[in-house]
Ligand SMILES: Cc1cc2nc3c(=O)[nH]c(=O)nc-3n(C[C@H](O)[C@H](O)[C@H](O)COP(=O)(O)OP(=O)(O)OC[C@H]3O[C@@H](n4cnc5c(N)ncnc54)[C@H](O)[C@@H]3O)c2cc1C
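Heads up, the chain below is alone and in the form predicted on its own; it's given as structure tokens.
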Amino acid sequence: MKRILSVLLVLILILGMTGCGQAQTPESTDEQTSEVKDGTYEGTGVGRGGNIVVELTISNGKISDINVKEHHETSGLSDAMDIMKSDMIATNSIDVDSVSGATITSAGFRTAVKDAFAKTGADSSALVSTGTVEREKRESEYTADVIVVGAGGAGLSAAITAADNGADVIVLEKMPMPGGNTLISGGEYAAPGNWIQVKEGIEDSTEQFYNDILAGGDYENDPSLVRILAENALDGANWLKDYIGMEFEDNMLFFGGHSVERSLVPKNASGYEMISKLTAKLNEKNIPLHKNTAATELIQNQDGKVTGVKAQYGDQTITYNANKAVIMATGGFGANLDMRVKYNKDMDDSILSTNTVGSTGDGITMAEKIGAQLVDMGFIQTYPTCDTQSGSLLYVGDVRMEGRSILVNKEGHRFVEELERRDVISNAVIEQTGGVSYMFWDESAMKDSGLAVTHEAEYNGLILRKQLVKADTIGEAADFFDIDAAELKKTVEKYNQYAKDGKDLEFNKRGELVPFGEGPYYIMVSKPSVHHTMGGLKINTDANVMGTNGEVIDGLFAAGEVTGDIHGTNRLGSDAIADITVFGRIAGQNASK
């Protein structure tokens, strides 16, 4: 009996101890939460454009607000901070997912919030997570007249046009925000006969533009598609300006390979102007945009007509039925290393990419599986003057298109015409010491271009990362990058003489030659990165996708970088924005019939 009582006593004690432990759990949680003192705390991180400064507000031991006091991130990509802010408040946690396509901005924002939280004196584990981020509720099936896959410039142009023609439209976008490569581009638009050319008395024509596109692509383009682009480019620019509300600067750029200056510059020289205005029009017309939704498969009926797409939204598979058509506007495959190497072995991991992480060729792959014809897949363009660390485009370098800079090598010598085609310059850069080039310009070029102000974030970031130097003398600037200063001085003197005489005797540089004046002087290091994939789906002049049998794939249209045969071997600068607008509108119009 004593033995039984002893056992029972031990069991009671064990159960009691266990029960006490369970009962103290909420109290323990409360103690952890109370360690986080209420108040507002400031923190700093470093994004792509420089410092990100935030104010973190803690109320009742939880994150109640995060105010971004200062940042220098690119418009559009800075939206990533708003997304992360909402997630942090919703989950009461700093460790939320980065925003795809804005990795550097995401990292800088998170660092700033962590820095602010550290000033509470509490460990981050004291923040009690309130769960996962609630996703937008979705049905398992949707139906519309037209389903547009991809919310870059081409997809948004197509969606708006289809809706204007009376169609019900749904747009799918696999990334957390719209824009694609258009968002991170300079947004320049090549349009012959545009309003600035007229004002400045520059003679141009659709025929001249047509010939420039063909020559720029080594005549590997489909002339019928090039003709459509050339003849409709100006109308597309006017549509963006007058209907979409896109604003343009009062100047143009002279991109390499063009015979005249014809490239319109959007407000702030950024693709954000185009995407923000197209998105505003999309919202105005109440066209649903389903973000974070990756199309995975095209649906066909028994007759082979494309009648919809299947898409993945988190763990949910959704069917999108199209009463009339599907428009593929998913962009190129510049961010898909395996796909690049498959079609061009030279485009391996030794070359970085300017593209967003979403440019993985999904639309090409999906359409190929149902018999779409692919063309020009081996033609992959590199942009010659990109960030040596990230591979991204450098818009401060647009001083080159202003005709106000020269490219030199480590030895201080020019080696190529600065306004040549992108592929020609890229190939020339690769042959130089270290596989890089150095862009040189003076203070007057910087002031006249306004690029240090327009692209202040990029400028500051380049200075911080020692990719750009500003110095009082040519020698000091050269020494910063270990360039032969004596030879660079000779090169500048020679170029100034060419400018005085009005003729570049070395490389026959087109456009006006402007001599370099007083300092300060600037030098920026750069290298080529994968920029545009010219290959993709074969389309006809109505933007129908063509099958391998030469017949139209009923119900399937395409526009933008997902298509091929428009730019041949090499796309000229600013032709892409004209392309996505012209063929986006054509696809939208014909898909809505």
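The numbering used is simple: start at 1 and walk along the sequence shown. Quick caveat: nothing in here was measured; it's all calculated off a predicted structure.
Below, we turn to the form predicted together with the ligand, even though it does not appear here.
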| item | value |
| --- | --- |
| Partner contact for residue 354 in the predicted bound form: the ligand, 4.5 angstroms, heavy atom | yes |
| Proximity of residue 336 to the ligand in the predicted bound form, heavy atoms at 4.5 Å | no |
| Partner contact for residue 538 in the predicted bound form: the ligand, 4.5 angstroms, heavy atom | no |
| Proximity of residue 528 to the ligand in the predicted bound form, heavy atoms at 4.5 Å | no |
| Residues 71, 108 and 462 all lining the ligand in the predicted bound form, heavy atom within 4.5 Å | no |
| Heavy atom contact within 4.5 Å of the ligand in the predicted bound form, the stretch among 293 to 301, 90 to 98, 199 to 207, 76 to 84 | 293 to 301 |
| Residue (of 127, 347, 184, 478) lying close to the ligand in the predicted bound form, criterion heavy atoms within 4.5 Å | 184 |
| Residue (of 170, 225, 175, 163) lying close to the ligand in the predicted bound form, criterion heavy atoms within 4.5 Å | 175 |
| Within 149 to 183, the residues that have a heavy atom no more than 4.5 Å from the ligand in the predicted bound form | 149, 150, 151, 152, 153, 154, 155, 172, 173, 174, 175, 179, 180, 181, 182 |
